[in-house]
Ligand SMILES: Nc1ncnc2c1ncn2[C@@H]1O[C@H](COP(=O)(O)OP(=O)(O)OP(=O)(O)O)[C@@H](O)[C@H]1O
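Only one chain is included here, represented as structure tokens and corresponding to the form predicted alone.
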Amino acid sequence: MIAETRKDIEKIEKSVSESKGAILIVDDDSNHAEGTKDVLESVGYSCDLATSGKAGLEALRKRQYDLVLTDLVMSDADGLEILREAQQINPFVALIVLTGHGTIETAVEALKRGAIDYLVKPINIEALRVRVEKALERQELKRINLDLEKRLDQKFGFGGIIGNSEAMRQAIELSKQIAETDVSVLITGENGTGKELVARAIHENSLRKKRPLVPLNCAALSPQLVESELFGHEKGAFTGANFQKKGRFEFAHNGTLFLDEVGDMPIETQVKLLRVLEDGEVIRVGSNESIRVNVRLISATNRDLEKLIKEGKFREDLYYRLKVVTVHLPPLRERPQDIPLLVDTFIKGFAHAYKKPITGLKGDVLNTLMGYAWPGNVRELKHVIEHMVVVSRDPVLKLENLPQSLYRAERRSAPDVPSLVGTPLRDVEKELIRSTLTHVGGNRYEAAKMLKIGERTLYRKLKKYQLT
């Protein structure tokens, strides 16, 4: 008897681990609800029952469901209220309503409010299975399409990575070469250099691009939550675990997992992450069942991992698993020649977003931007340009449109004009051209644009002053 019970438990656990989806059945006819549950669980679904509208609402707040199957007419809360609550909690939940012959009009109203389908009682078993399967497939397709559209709208791809400097060209070229492989990638660089943008570009140009890129910022979570977010957890695994939850590895199955700030991952979690990378299996917190996953891993960090290894804060074996290929993004202060390109792109983007007729900026503003150290890198530059576009009342951005911190820096670093008194005009022009070319990394087009002269004029002056 005990052996048979154990087999039954193992059968149930296997069924739950291999579940095709979590379904909530809300029906105040308990016999009908139990029958519906048996039919769906027999083909691999994980089902919860609620035999009243109130119980259904409580269940929705405790667990994430892939599909809700609800009766329309109940004594304490109708099916339309169940639909409304379910959609607020999860916009991708599939909704099917149950109705009697006399309430078809109410079922049509439910369809208008977001239900995918309706079934008339008494329910045909085969129709129930087919409708549920199609509803879940439809919602999954909708979720994938919206995710793809969102990524396309954000224009993630190598064309969206702006940089003409040698260091950025090398980083972009390396990223293109490895995109179509499944190799693990470690992206290094300071905060704000565009590590996530490069990670998304690699994914969008990979063979996994039709599947999701799932990000996780390891520095934004407590050590206790990092493990749950990565691997998932079972209901009751710890205090506050009120429902079963899939981890990021499961969500990224056949896609890409992006671990940002991986250097901040707790050492205990690093051990478990290494095991997952070696075995290709995850075990949810509070479970003994392993789940196969096929995931490409891209990591990013602004920290010196080799230094952390020496300090005993990062595992050396994990480090070498993460950095099969390393892509390094230089700070903005080391590539000032990219600033004009970035500024032009940001101005066009924000001018369009805020519907403002901004056409460009004055040369002294660009000089200020190129002379600033940019501790926040490209992200800081982007925020500065957005600020300037928002506050500007003219079509051309001026120094007074700069944030106060940058404007004060410009005033402090202004050249000492009296010191130029008596300097030959030829020497002043030669030095101005030389300094401008240095700022733009030798890009003659950008230099001529800054100096407000034609490229041919600039070329003649380069020959005149023997500047190369």
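The first residue of the shown sequence is 1; numbering continues from there. Note that the structure is a prediction, hence the values are computed from the model and not measured.
What comes next is about the form predicted in complex with the named molecule, which does not appear here.
- With the partner left out here, the named molecule still marks one of 194 to 202, 225 to 233, 263 to 271, 316 to 324 in the predicted bound form; by a 4.5 Å heavy atom cut-off that stretch is 194 to 202.
- The partner is absent here, but in the predicted bound form a heavy atom of Asn302, alone among Gln244, Asn302, Ser392, Thr256, sits within 4.5 Å of the named molecule.
- Though the named molecule is absent from this view, in the predicted bound form it lies within 4.5 Å of a heavy atom of just one residue from Pro215, Gly371, Gly160, Gly349, which is Gly160.
- At a distance threshold of 4.5 angstroms between non-hydrogen atoms, Glu190 is in contact with the named molecule in the predicted bound form.
- Proximity of Leu186 to the named molecule in the predicted bound form falls outside the 4.5 Å heavy atom cutoff.
- Using a 4.5 Å cutoff between non-hydrogen atoms, Ala115 does not count as a contact of the named molecule in the predicted bound form.
- For Lys121, no non-hydrogen atom is located within 4.5 Å of the named molecule in the predicted bound form, even though that partner is not displayed.
- Residues of 352 to 388 that come within 4.5 Å of the named molecule in the predicted bound form, judged by any heavy atom, are Val378, Arg379, Lys382 in sequence order.
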